[in-house]
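Take a look at this one chain, the form predicted alone, written out in structure tokens.
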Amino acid sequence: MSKMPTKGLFISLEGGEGSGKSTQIKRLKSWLEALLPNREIITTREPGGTPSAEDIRALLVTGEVDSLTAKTEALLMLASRGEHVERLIVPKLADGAIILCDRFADSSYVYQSITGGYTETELRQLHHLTIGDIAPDKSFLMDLSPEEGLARAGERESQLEARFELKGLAYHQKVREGYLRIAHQEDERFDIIDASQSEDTIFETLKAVISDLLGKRGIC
């Protein structure tokens, strides 16, 4: 599956645990629905996004830290993403939807390369075989210290999906470093957001960048 011109817009928010991605996606959806009442605005997440991909998500984000081998974890992520891309992302973009996704392939290049199952190069090759060159039009890295992120995540009402959070501070420091490296390498696609700022400040920054993108694409 190759990247193709679409009528829609694909935006991803990336970042470590507790960085505020989900909160901002909800706010952006409400804003975009008011701004573009005749266009479908979709929020989705990874792993997940379709019924079958959500089933895979349950295996990945719940249970004990060592419940999956590193290679199994990576391949399950890939299987979930394949379902997500083929059944939701590609057809909805072709229909002109704006998709706001809580994590996409960049998260695998970061998280799964750390575990040692596959290298980042191998993961990119596997992704190319499965989903082709599909990538977000714009990605935001919600950058936050792992100490603050894990503290925020620990305050969540539900701790059912805490398998990754339990991997420890050193692991999450590597996650942050991995995200920053990728964001700098692909700086045309990525904007790095200081996620320690207030929710309102972050929201206004995201809105400004997306408004500019909408204008350039002739959407608004």
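No experiment lies behind these values; they were computed from the predicted model shown. Note that residue numbering follows the sequence shown and begins at 1.
The discussion below concerns the form predicted in complex with a small molecule, not included here.
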Practice problem: Sort through 30-38, 44-52, 64-72, 182-190 and report the only stretch with a non-hydrogen atom within 4.5 Å of the small molecule in the predicted bound form. | Solution: 44-52
Quiz item: Do Arg176 and the small molecule come within 4.5 Å of each other in the predicted bound form, heavy atoms counted?
Solution: no
Quiz item: Is there a heavy atom of Arg152 no more than 4.5 Å from a heavy atom of the small molecule in the predicted bound form?
Solution: no
Exercise. Would you please decide whether Met77 lies within 4.5 angstroms of the small molecule in the predicted bound form, comparing each non-hydrogen atom pair?
Key: yes
Quiz item: Could you tell me if Ser139 has a non-hydrogen atom within 4.5 Å of the small molecule in the predicted bound form?
Solution: no
